[in-house]
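One chain is shown next in C-alpha cells, namely the form predicted alone.
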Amino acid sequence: MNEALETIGRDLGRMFEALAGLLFVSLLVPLVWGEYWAIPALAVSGLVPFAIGYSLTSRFREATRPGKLHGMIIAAVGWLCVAIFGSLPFLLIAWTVELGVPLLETPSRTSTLAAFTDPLNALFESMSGFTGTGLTMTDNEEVLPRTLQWWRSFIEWVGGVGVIVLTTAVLSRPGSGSLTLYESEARSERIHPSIVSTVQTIWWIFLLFTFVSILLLWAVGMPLWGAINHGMTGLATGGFSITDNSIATYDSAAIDFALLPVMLLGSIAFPVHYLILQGDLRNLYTDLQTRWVFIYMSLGTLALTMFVYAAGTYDTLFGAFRYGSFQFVSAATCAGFQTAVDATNVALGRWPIQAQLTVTFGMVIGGAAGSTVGGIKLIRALTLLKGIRFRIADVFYPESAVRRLKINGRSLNERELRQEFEEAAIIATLWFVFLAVGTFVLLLILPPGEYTLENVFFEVASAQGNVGLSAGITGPESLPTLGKITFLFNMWIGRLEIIPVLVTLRAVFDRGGLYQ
C-alpha cells in the first residue's frame, strides 16, 4: 500500500481510538441517571470506532511520521470521520426509543428525539458539537435523555481544544510527528519545547477552568446539572444548552453576567493563560491578542448596546446593556449562547439591522488564535490592518529605506511580513468566498420572503464561524436538506480554517484523475 496512506491510516486509527475512549467514559452517565436502555446504543457507538481504529493502528504501526501534507489530510478526514462516528449515539439511541425494544424499557417517544432517526440530523448535531458551533437539530433540548445532553456537551468540550490535541496528549509519544498534527489543527502556539508536554499542559489548564466555571455558575443559582453542561460548553465556546431557550431559560442577570468571564476565558490563547497562572500578569496587556480581546469586546458591547437601546428594542439602558453585552461576547467568542429569544424578550432575528450586522461582525472576527474560538481570529485581522497601513505608509519613505513591521513584540522584515500578510489575506479571502457561497445557496432553497438577507447572512456566518447563534433558520424542519449539507461543510471548513479541507479535496480529486 502507498506509504502516505499507511501514515494517514495509522494516525486516523489513533483518533478513532481516542473517540472510542470518550464514548466508553460516557457510559457512566446512563448508569448514574438510570437510563439503562441507552447503554447498548452507547456501547455499540464506542465499539465501532474502536474496532476500526485498533485495526488501522495495528496494521500500520510501523508507518513513517506524517509530513505537512499528511497532517492536513489527517486533520480534515479525521474531523469528518469523528463527526460521523460521533453521530452514532444520537442515531442509535433515537432508534432504540423509536422501536421501543421491550426488554430495555425505553421511555416514551418525543418529536425532539425522533428527529435524530434521520442520519443527516444526527450527523449535523455531531458536527456542530465537535466543531464547537452549537447550531442544533433539536427543538427542545430539555426532553432529551441525560445521556444525549451529556454527549452534546462532552463533544463540544473536547472539540473546543481539539480532537487531535486530545489524541496527541493521550496516545502520542515525543518524536511521533506530534508537531505536524498539532499544527494541522490550526494551532502553532507552544507552551513547552515538547508538543506532547504542551498539549498536556493545555488540558490541565482546560480542566482547571472547567471546574472553576461550573462552580461559578452553580454559585449564582444555576442548577448543578445545568452548571456542569453550560460550564463545559461555555468554556469551550461551543454554545450547546440543555434548555429549550438556551441561557434565556433562566432569565437571570446574575447567570448572564457570570457567563461573560467564562466565555472570555475560552477566547484567550492557552499559552497566555499558562503565563498568567505562573504569575506573569503583564500578558493581560502586553500580549497583542489578549489586549485586543478586551478592547474588541468593549467596543462591540458599546456599539450593540447603543443600537438596541436607540431602536427601542429594550425599555431600559440596563436591559440594552445586559442583552447587548451578552450577545456580542457570545458572538465574538463564538460561544453562541442566546439570551435574546422570543420567549423572554426580543429574538436576535428581530433586532434592528445594524445590531444584527454588529453581531455578525463579531462572529466573523472571533477571538484569539490558540484559544477555543472560531472565526478569522484577531491576530489575522490585526495583521491585515497593520499590513495595509504599512504598505500605504511605504509611499512616503525613500526606496532605500529599510523598514520593519512590529506585531505582538516581533519585528518582521519584508519577507516575513509578506509571508504573514499573504497567509492572513488568503484565509480571510477564502472565508468570505465560502460565506458568500453558503449565503447564495440558502437564498436559493429557503422559502421566498420568509427570511431577510441579513437573517441568511447571519446564519451562514454563525455556522462557518462555529458560533451557533441563530436567526431562526436552523432546525430539523425549517432547514432544507441541501441547507443542512451546506452548513455541515461550513462548520467543517470553519473549524479547520479551510486550507486542510481544500488540500484534502485537491488530493482526492488528483488521485481520482478529476483534477487534471
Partner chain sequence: MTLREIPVVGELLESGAEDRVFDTLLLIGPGIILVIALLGRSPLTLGIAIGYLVFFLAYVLYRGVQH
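Predicted, not measured: the structure shown is a model, and the values here were computed from it. Residue numbers count along the first chain shown, from 1.
We do not show the form predicted together with its partner chain, though everything after this point is about it.
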| item | value |
| --- | --- |
| Residue stretch of 367-375, 348-356, 192-200, 120-128 approaching its partner chain in the model of the complex, non-hydrogen atom distance within 4.5 Å | 192-200 |
| Option touching its partner chain, based on a heavy atom within 4.5 Å in the model of the complex, out of 341, 228, 303, 446 | 228 |
| Contact assignment for its partner chain in the model of the complex, among 307, 434, 209, 421, heavy atom within 4.5 Å | 209 |
| is_contact(residue 427, its partner chain) in the model of the complex, heavy atom dist at most 4.5 Å | no |
| Contact label in the model of the complex: residue 154 to its partner chain, heavy atom within 4.5 Å | no |
| Interface membership of residue 102, its partner chain in the model of the complex, 4.5 Å heavy atom rule | no |
| Heavy atom of residue 77 within 4.5 Å of its partner chain in the model of the complex | no |
| Contacts with its partner chain in the model of the complex, stretch 270-296 (heavy atom within 4.5 Å) | 274, 276, 277, 278, 279, 280, 281, 282 |
